[in-house]
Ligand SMILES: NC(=O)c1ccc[n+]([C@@H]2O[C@H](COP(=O)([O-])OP(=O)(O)OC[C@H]3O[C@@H](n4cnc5c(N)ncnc54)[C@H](OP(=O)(O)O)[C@@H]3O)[C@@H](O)[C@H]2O)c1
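Have a look below at one chain only, the form predicted alone, in structure tokens format.
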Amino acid sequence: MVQTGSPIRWGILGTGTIAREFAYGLSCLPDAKLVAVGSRTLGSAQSFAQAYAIPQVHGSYQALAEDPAVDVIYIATPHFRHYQDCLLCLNAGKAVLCEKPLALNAKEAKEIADTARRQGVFCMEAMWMRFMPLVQQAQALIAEGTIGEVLTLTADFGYPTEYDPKSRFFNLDLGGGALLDRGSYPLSLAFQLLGVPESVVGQACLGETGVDEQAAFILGYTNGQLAQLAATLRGYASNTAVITGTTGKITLHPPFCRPDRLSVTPYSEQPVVRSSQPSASPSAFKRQLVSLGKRIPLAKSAVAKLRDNTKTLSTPIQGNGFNYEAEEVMACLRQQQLESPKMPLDESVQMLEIMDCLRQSWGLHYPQD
């Protein structure tokens, strides 16, 4: 139980790059105290502890999970380990913030959620994007009706990744592939802004190791909304998210998972294209072409006006961004909440159900499936 007014004591499980980023994020929060680190090797834990002035050092994950001085553990291991590491910490009674994705598949994620609820312990997937100020601002603008009825979300995410068949990006045994690593971001944004989809279809390019090196997928909703999403390990994506509505659009500038700029562009309420009765007369068709030619400069002028009306918000990221998700966890712990209303466990399970469905359609199966 977290004591009111006292710092919340963190432990970090794992000592890789993401663990170091999170340790820096915690250093930006005055009410967070990083008190312990655990690694599979004592030397790695000692080196990490020295770099971040951490008092408690553990040469095993089990020892960290059993440390009575720790309130909550951030799991920073590769995602093929998330299932076993989450269960280890939850069964030890420790609150958990687990790096995304929560698990490799929905079955694992559901067991994590069930264990957390059975143990009465807080657990959340570390989808840091959801807590970025401008992502939350976009959600608020949509709720306020700023762009009217939402029609589509278009988002892609990717950076060129050095090929190494043994790395976690390309190794099938380690849960490699673009979908779980990069695709988590556009998929989570779709859930955050549009809710749970009714259908999903997708296509993937499988590489030599059997993982999806790039993938595209479309989510369909009961009210006709569509989310067009993509992820790649092969090259640069636009890394932009655009939400279009009936009266405007919102753009989250790259990288949309950590944006410092958001633009709102209003649309004219007048239809750009008007219906007309078809005519079989060649002369009438020619007249329509001439009329269309005359309207093209007007259309260009309208586009220019739309650009002029675009308003851009700039909000610098405080810390390195990891501090926002840590703040959410600490707020929940202080309020004795077992789940975050902004990143509930059910959504983590549902997103993995979508990814399971896509992988199955591609013939991509992990040994853990």
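The structure presented is a predicted model; accordingly, all values stated were derived computationally and were not measured. Quick note: we count residues from 1 along the sequence shown, nothing fancier.
What comes next is about the form predicted in complex with the ligand, which is not displayed.
Between 148-156, 96-104, 117-125, 246-254, the stretch whose residues reach within 4.5 angstroms of the ligand in the predicted bound form through a non-hydrogen atom is 96-104. Think of it this way: in the predicted bound form, the ligand has a heavy atom of just one of 204, 219, 76, 211 within 4.5 Å, and the residue is 76. Within 4.5 Å of the ligand in the predicted bound form, a heavy atom is found for every one of 14, 39 and 181. The ligand is not shown here, but in the predicted bound form it comes within 4.5 Å of a heavy atom of residue 82. In the predicted bound form, the ligand sits within 4.5 Å of a heavy atom belonging to residue 18. In the predicted bound form, the ligand sits beyond 4.5 Å of every heavy atom of residue 110. Remark: residue 324 does not count among the residues lining the ligand in the predicted bound form, judged by a heavy atom distance of 4.5 Å or less.
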